[in-house]
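The form predicted on its own is given below as one chain in C-alpha cells.
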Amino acid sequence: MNGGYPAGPLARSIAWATVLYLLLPITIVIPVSVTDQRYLSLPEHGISFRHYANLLGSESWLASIQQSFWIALGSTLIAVTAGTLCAIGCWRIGRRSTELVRALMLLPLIIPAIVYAIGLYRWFGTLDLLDRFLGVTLAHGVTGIPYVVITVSTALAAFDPRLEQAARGMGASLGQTLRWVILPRIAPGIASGAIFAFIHSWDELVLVLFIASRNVFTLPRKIWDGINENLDPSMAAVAVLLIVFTVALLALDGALRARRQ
C-alpha cells in the first residue's frame, strides 16, 4: 500500500500466481543445465557441470557468443546515437509535429517483428546486405532506437530548460551547451536506453532467421538450431548464462535509475 487501499487476498493471489508463472520456466532451466544426462532432463544420479565445460570449450558456441556480442555492441551504438539525437531534437523543437516523429521512431516496437523482418528481407536483398554482419547490425540498431527514444525523452522531461538558457546566456554555443549541460544531465537515461538496446539485440531471433543464414550465426540462432536438431543440455547452460547476464544488465539499469532519481 502506498497512499491507497491495501491489496485484497484475490489481488495478492493473482500477483503471486503471475510471478510464479513467469519464474517457473527460469527455475527449471537451472537444474537442467547441471544434469548428468546427455539430453535435456533433470539430474537423475547427481549434479554435473560438464555441459558448462562443453560450452566453454566449443568453438561453435563461443563463435556465436562473440558474434552476438559485437552485433549487439554495434547496434547499440547506432541506436544510442540516432535515438538520443532524435529525442533531443524533438524536445528542442517542441511542436505537435514532433509527436509524429516520436511515433514513427516507435514503429519497430508496434509493428510485429515478422512483418518487419519480411520487409527487411526484401530491402536488404537489393542492397546485398543479406547474411552480412553489417546488415544484422543495422537491423538491430534500427529496432533498438525506440528504447533509447523512450528513456532519453523521459530524462529530458525532467530537465530544467533554465539551465540551457543560462548556458546560452553566458556565451556557450549550441554544441557546448549540448556537450556540457544537456548530455551530462540526461546521461542516466541514455545509459538505460543503451542497456535495453543491447539486451534487445542480444536476444533477438526473428530478424536473424530472415536476413542471415550461414555467415552470421548469433547465439539465439544457435540455440534455435540446437532445439530443432538435438536436445543438447549445453543449451540450458547457455540459457542460465543469458539469464545471469540479463539480470546483471537490469540491475545496472536499476542502479542508474536510482542515481537519476
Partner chain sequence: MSAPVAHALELRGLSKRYGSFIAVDAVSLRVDRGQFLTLLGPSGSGKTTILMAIAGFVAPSEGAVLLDGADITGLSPERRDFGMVFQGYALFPHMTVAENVAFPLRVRGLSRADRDARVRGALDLVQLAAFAGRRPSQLSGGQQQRVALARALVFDPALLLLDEPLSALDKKLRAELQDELKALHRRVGRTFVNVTHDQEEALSLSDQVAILNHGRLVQMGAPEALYERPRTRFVADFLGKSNFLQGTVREVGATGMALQAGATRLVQAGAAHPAPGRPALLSLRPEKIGLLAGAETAENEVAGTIASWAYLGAGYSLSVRTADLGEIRVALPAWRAPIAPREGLPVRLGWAADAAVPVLEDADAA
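Numbering follows the first chain given and starts at 1. What you see is a predicted model, and the numbers here were worked out from it, not measured in a lab.
Omitted here: the form predicted together with the partner chain. The next part is about that form.
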Report task. Quick one: from 129, 190, 167, 77, grab the residue that has a heavy atom within 4.5 Å of the partner chain in the model of the complex. Result -> 167
Report summary line: Exactly one of 106, 163, 134, 100 comes within 4.5 Å of the partner chain in the model of the complex through a heavy atom, and that residue is 163
Query raised in the report: So in the model of the complex, does residue 171 come within 4.5 Å of the partner chain, heavy atom to heavy atom?
Result: yes
Requested in this report: Classify residue 184 as contacting or not contacting the partner chain in the model of the complex by the rule of any non-hydrogen atom within 4.5 angstroms, answering yes or no.
Outcome: yes
